[in-house]
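Two forms of a single protein chain come next, each set out by itself as structure tokens; they are called structure 1 and structure 2.
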Structure 1
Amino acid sequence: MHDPPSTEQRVLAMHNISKDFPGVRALDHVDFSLHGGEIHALVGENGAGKSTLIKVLTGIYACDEGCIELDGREVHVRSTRQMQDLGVACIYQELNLIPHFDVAQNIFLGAEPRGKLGLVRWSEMYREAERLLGTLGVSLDLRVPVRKLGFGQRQMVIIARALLHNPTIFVLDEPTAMLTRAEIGYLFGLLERLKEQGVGILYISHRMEEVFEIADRVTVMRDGKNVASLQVAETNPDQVISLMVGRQLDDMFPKTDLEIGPQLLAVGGMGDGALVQDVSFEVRAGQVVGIYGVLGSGTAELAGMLAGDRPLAAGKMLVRGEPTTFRSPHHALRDGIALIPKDRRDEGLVLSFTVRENMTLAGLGRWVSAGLIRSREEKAVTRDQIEALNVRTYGAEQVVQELSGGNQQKVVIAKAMLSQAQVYVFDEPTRGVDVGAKIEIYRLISRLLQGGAGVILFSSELPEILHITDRVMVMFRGRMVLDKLTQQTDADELLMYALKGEASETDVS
């Protein structure tokens, strides 16, 4: 689209690529190009087609239309192995390592140098591994089993493995999702070095600041189309984000002022005898209560207790003024408290179920007479909910496994809504979803509030907590250490309490 004139050094050109899945067009005549010595960022919402495009490039999917050129020559993609041999290396989000193998064994997995009898030449392998890590500027003990390494180090092992075959095209799919800031800096240094060596780097990310830190060009995808390919120097994050979502972002947090209604849930002196102690708060209709805390502060356990998934050792709960106890999530749902769990694939959804079967699971009793499901009603309700929540699916009978992360999350929320909950416990509702889906989830929360529900939001994202909650509490080592109206606090204060459990004059570092 917006290729610079120097097409000689173009290492990859994808022309007019289309790919259909049952009922959806995942890629719609996409053009994409990559130059040697360039870092090209690929951004877009979940489901925009980024990963499908990568899978076409790496040979996992065959495209239905279009062609791929590597170094100016047209390639007939047949297998992932073929693309590897042609110099395409890819790092996926999940790291395929064998935990009890050591670093060198993992790097050379399946490509071990072999002698005449087919035996592995171990000393040569370790020498080579040493050399390879040296060129990457990485120091790792080659004989340490990978399971003892941190996430960032594991990623280096994966990168070393990918670079073993001297790729000309290096694809990284959300490489920084699990990395610390220091590890990200390290990764970027490595990418810069590869770039100098003339490798073309395709970098997929959600994080705008990273794109603008490292990329030379950025391609935005939306609904399976290439919306724009821009020089990073000539654009800005706001423009890219609005291209991604197809609208302006001024209404990203659509918090409307609502009158706070009657108390829906109150807990007093609640504790589980170990990780949560003496927690008290209330949630009212139309109110969002945010609970913030770092990993291990007890927030996860508290969410489990509210949802009936974790027994109370102490304290009491009142639902609409009536004392109650939950022995299982069943009781919590019966009392109108629904959890939207953090991990939607493991805890939120039955992946082999259809959209319909998932949506109606928690409130199934509503459409049952004499033990039998009134299926016409069930279908109608599901259709309405798909429409109301704007779930991108080709129908109620699509298996949820096939939906993108944001749409899966909407199915989980729809399930909670269909259980007729009045208090929604959101645990990290926007983790791993893209900007567009994030906005939609916020809109949904706002709509739940207008319908008279109350929301408890567990989140580790400060902007989210600060923008959409009315009241915010901070947990530290199992206790509530701060409870304030959101407008009376700020990010610094929340962070300080979350990290130290108290306010202090000295700086938090």
Structure 2
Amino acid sequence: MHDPPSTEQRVLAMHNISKDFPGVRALDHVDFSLHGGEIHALVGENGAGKSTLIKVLTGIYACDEGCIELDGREVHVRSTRQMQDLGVACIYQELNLIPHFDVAQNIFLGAEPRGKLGLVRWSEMYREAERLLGTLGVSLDLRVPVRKLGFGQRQMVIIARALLHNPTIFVLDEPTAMLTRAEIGYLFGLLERLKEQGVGILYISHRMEEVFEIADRVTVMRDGKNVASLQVAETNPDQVISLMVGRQLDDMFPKTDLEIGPQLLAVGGMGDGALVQDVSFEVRAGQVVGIYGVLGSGTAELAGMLAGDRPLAAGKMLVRGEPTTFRSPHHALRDGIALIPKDRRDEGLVLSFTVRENMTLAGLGRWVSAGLIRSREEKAVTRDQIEALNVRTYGAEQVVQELSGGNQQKVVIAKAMLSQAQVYVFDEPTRGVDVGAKIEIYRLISRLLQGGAGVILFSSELPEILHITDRVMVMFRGRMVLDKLTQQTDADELLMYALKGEASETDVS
């Protein structure tokens, strides 16, 4: 157990930290500090070195140079368990839970209370799990498998597990990426309570509005270096973003005006027999159709239907004027419809495969003759994609799991592009990536349009919808309730239809 540090005490100091991987310096003499009772945000583009720095702190990686001090004493980091015992807790973006274990079993995973014979003291474990969740203000059925919980509830289980070890340093890596606004508000309230108890909180986020809402200090990383540490009250989002990318962002939403071409995809009366009902629209060459809706509106189900991952129970689909039915994502891809999924790690990538293997997976038949892969052509195409998409990797044979989130997303997009699709379904393509990577993804979308493709963009970010799309539709309870040219609507109208399914009375003339 650790006594809460005073708010004047520096609980963490990382001095001159460097870390090399084959062909790349991930951390270059980085200094970082954290005080008790402080929320310190760590920001930077994907690949800037944030995750590597955290993995050095938590014992996943050993640094090549530098040292770490906890409460003023130098620590020789040997393992994650050692750092956990020293009061360092980390909540990663990918929640580490065992789906078929219940809530209490996941909270106490590896730390179960045991008797003299090594048997688990089950009643004590469930009683302590209930107490821990109570300190968070959370009430959950302790015997429910975590696979049945919502994402926000799963995150509370992970936080309870972290608090079991009474940390003095609490690290959160993109904790709000999958949370609703209400869940984010609850999390922030919890962080404020931990801050009042003297815990030092290291908060990693791509969302500038969160940094300026919750943090006291912000450190900016770029190309493996600490380029600035600033008091949040003495800076602004534009300055922080400029430090992140090393340039002024004059065009946050790059988009080329193109002449709209022929129809590529049309759906009429589409339904899945459950949530999605009577959806009709078309997509033309050179056009971005945006689809907006809140959680539970049917957007996720519709995206699955368009990509062949969810059966069509009603309606019809036309691809280039010809009727079709997608029985699987393979059939959709065969007809020229490619999905860039919301969950890139579980649905878009094979994490143990290399960058090359992932990029060419969907279109591998193009480089196969007599059952053998023409590896020279495959490697050449991969190199071209890495360069064209500016994928930050030390080579095509790097395992994709080692890439940052933004670069993993580029690999998913490259895979879709190499399939030579004509319609690209982007489902939340910029979720969990930094502002610089967002701009590059928007540029890739423009490049696809210039090549004669059409794009369907599912997004919960209104600025993205309003600046990137040509036409926007809003879903509410499984139905399309608004369909307009983007230039004829605004954020207020889109949000009103998304939340109520109709305009307010004051908007009706």
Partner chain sequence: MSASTTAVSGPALSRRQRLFIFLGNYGTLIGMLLVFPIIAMLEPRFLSTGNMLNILRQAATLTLVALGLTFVLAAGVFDISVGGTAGLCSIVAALILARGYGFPLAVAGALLTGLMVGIINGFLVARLHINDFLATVAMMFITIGMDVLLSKGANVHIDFEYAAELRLLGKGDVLGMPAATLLLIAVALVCHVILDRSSLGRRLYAIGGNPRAAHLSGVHVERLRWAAFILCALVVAVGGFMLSARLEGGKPRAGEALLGDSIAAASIGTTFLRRGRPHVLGTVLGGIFLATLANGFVFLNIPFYYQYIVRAFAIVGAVAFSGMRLQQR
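Note that the structure is a prediction, hence the values are computed from the model and not measured. What we label the rigid core is the largest C-alpha set whose atoms superpose within 1.5 Å from one form to the other. Residues are numbered by position in structure 1's sequence, first residue being 1.
- Remark: the form predicted together with its partner chain is the source of structure 1; structure 2 originates elsewhere.
- Once the rigid core is used as the reference frame, the Cα position of Tyr61 differs between structure 1 and structure 2 by 2 Å or more.
- Core-superposed comparison between structure 1 and structure 2: the C-alpha position of Gly200 differs by no less than 2 Å.
- Val144 shows a C-alpha shift of 2 Å or greater between structure 1 and structure 2 [criterion: core-superposed Cα displacement of 2 Å].
- Comparison between structure 1 and structure 2 places the CA of Leu119 11.6 angstrom away from its other position, after core fitting.
- Core superposition gives Glu38 a CA displacement of 4.9 Å between structure 1 and structure 2.
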